[in-house]
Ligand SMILES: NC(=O)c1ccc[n+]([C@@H]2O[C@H](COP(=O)([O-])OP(=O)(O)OC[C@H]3O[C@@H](n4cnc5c(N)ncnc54)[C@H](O)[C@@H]3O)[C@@H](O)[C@H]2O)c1
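In the block that follows, a single chain appears as structure tokens, in the form predicted on its own.
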């Protein structure tokens, strides 16, 4: 059988060489087709390769009767309707590793440009100004680089900084002391990294939790004269706060490759001589563009040959009978995962998922992936999905295991998720109840009964008279309404737990004040 592959965006010949060398693949290159032409012809192809120009929409995918796989030569898949692809049984793959080296090199180039004032000096020279004193720089040797986010690119930047004989301190929610020691760097909290860095570079995804992570309060924690680099995602740094920090002298310089709104040509940051900026060039090298095309070509070949792909973004379609049986548990598993990682609030090394009762008979793999997705999404955001959740857990050094028991334990079905970190283990259990839907039924060794949704608070305390009343008053002082409350205890006067649902998010200030109350051991806000 011959497979037809449509390439609808410009890709280098070297990048698609693996496809050309595969005997049963016919390549059609039509980067000039508009939306109408694509719609008219897409049903003739088994695979589609795109970059960012082609919009792979629901109408296009629904018209693609033969299409089995879409390959994105790059990382982002914003131009592909993933839900529509999944619904139509089309797998989507990308090339997440192809730009790692280029992005890391660009980051280091920006650090060096800052340290030696290279762009400013060049600009002055172009203006016929020979001014050596004005552009005296600093050495990187023995300076401290603070790395916020130690994924693929952050880790590569750290390695290169070590080559410049810099001291490196990094924060990442998945970084362990053992891993930091292996890399020859220091592990710190976010605050410790911000306080220690002479240069600070950010390499996190852009999530709700990381938007404006580097804000006015963060700048206050930093050394005077700190230098800031962002080659990751626009929005991680509050650009207005950065402007103010530079004008005040707190920040000596900033190098930016990404921005909240792109194209970025009018912002007041560009008026400052302390700012070095490039137009989102982190992955713009000949080599990176070639590597992503090669990577995605290999994955398309693997899939068409019936082999497992390396970088799936979505799930292939699941047979309707199996889907009908397991789909109701997807939501429950993901919410349990999010709940338990917020409750643990530390780097974890192991995830144990057990299925009891009727669940011991089902195909649990997709349910497990949803649970792991719920855990990892807190830190990795929307790039975690059902397909890549286990792969990303493995990349982060997290062991995932399953167990099944037919014993019902009082419920016809029960999912228990246990996460293990340096401080020990935390557990949560949930079930589906007829007529009530998903329910949280156990937190650690305490029995509860709550719907896993909205804003929740877990309070560990000593079982003493008046605790519940004082707690209610404390929430009232912050104008927070308690919708439901579940209470359980180990024994009279012993350890106890409150599980609250509240009407809005519990802000850090309110949480800290409530945690100071007598008999309170811990307060954890969980947003589901």
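Only a predicted model underlies this, so the values are computations on that prediction, with no experimental measurement involved. Positions refer to the first chain, counted from 1.
Only in words, not in the display: the form predicted together with the named molecule, which the text now covers.
S.K.: Pick from 416, 99, 227, 368: which residue has any heavy atom within 4.5 angstroms of the named molecule in the predicted complex?
M.R.: Looking at 416, 99, 227, 368 one by one, just 99 meets the 4.5 Å heavy-atom criterion.
S.K.: To verify the annotation, which of these, 140, 258, 450, 242, has a non-hydrogen atom within 4.5 Å of the named molecule in the predicted complex?
M.R.: So the residue touching the named molecule in the predicted complex, by this definition, is 258.
S.K.: Which among 399-407, 350-358, 434-442, 199-207 is in contact with the named molecule in the predicted complex, heavy atoms within 4.5 angstroms?
M.R.: It is the stretch 199-207.
S.K.: Just to confirm, residue 159 within 4.5 Å of the named molecule in the predicted complex by heavy atoms?
M.R.: Contact with the named molecule, no.
S.K.: Would you classify residue 103 as touching the named molecule in the predicted complex, given a 4.5 Å non-hydrogen atom cut-off?
M.R.: Close contact exists here: in the predicted complex, residue 103 approaches the named molecule to within 4.5 Å, heavy atoms only.
S.K.: Test of understanding: in the predicted complex, would residue 253 fall inside 4.5 Å of the named molecule by heavy atoms?
M.R.: Residue 253: no contact with the named molecule in the predicted complex.
S.K.: Does the 4.5 Å heavy atom contact test between residue 188 and the named molecule in the predicted complex come out positive?
M.R.: Residue 188: no contact with the named molecule in the predicted complex.
S.K.: For a quick check, can you give me the residues of 148-165 that have a heavy atom within 4.5 Å of the named molecule in the predicted complex?
M.R.: Going through 148-165 in order - heavy atoms within 4.5 Å of the named molecule in the predicted complex - the hits are 148, 149, 150, 151, 152, 153, 154.
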